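The chain below stands alone, shown as structure tokens; this is the form predicted alone.
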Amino acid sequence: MTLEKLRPGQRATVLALRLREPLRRRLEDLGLAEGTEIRCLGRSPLGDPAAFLICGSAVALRRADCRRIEVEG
């Protein structure tokens, strides 16, 4: 499944990042890499963006980017 499907409060493990290089590198610098546990903190009223807890930091990601991150959980 993709990160887009994660609902507030749910946790998952990152399997693959299928993002273009500038964004991929930025997220890896924040700790988002294969094997990382991630938790959905919530979504904006219209559902985009969503906030996720990654290695102790809250990060907002757009729906289009969430569709390119594969997770299991």
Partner chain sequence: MERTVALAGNPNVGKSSLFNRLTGLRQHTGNWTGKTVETAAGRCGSYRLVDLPGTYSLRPGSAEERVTRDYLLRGEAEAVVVVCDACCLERNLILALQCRALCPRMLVCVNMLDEARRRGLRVDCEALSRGLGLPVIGLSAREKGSRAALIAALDALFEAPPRPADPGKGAEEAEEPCAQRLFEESRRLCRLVLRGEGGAYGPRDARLDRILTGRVWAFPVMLLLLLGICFLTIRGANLPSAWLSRGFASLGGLLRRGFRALGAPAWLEGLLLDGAYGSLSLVTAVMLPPMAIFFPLFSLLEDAGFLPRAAYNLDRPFQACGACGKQGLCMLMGLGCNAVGVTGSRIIASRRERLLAILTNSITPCNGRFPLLIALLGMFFAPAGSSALLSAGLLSLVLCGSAALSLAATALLDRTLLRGESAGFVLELPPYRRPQIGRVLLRSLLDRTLKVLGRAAAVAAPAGALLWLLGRVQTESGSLLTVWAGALDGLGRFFGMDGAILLAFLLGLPANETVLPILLGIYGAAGGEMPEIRAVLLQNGWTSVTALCVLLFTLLHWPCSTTLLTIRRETGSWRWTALAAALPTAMGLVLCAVAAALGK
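Positions refer to the first chain, counted from 1. What you are looking at is a predicted structure, and each value in this text was computed from that prediction instead of being measured.
This next part talks about the form predicted in complex with its partner chain, which is not shown.
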Taking any heavy atom pair closer than or equal to 4.5 Å as contact, tell me whether residue 18 reaches its partner chain in the model of the complex. no
Is residue 13 part of the interface with its partner chain in the model of the complex - any heavy atom within 4.5 Å? no
Taking its partner chain in the model of the complex, which residues along 49-72 bring a heavy atom to within 4.5 Å of it? 49, 50, 51, 53, 55, 56, 57, 58, 59, 60, 61, 62, 65
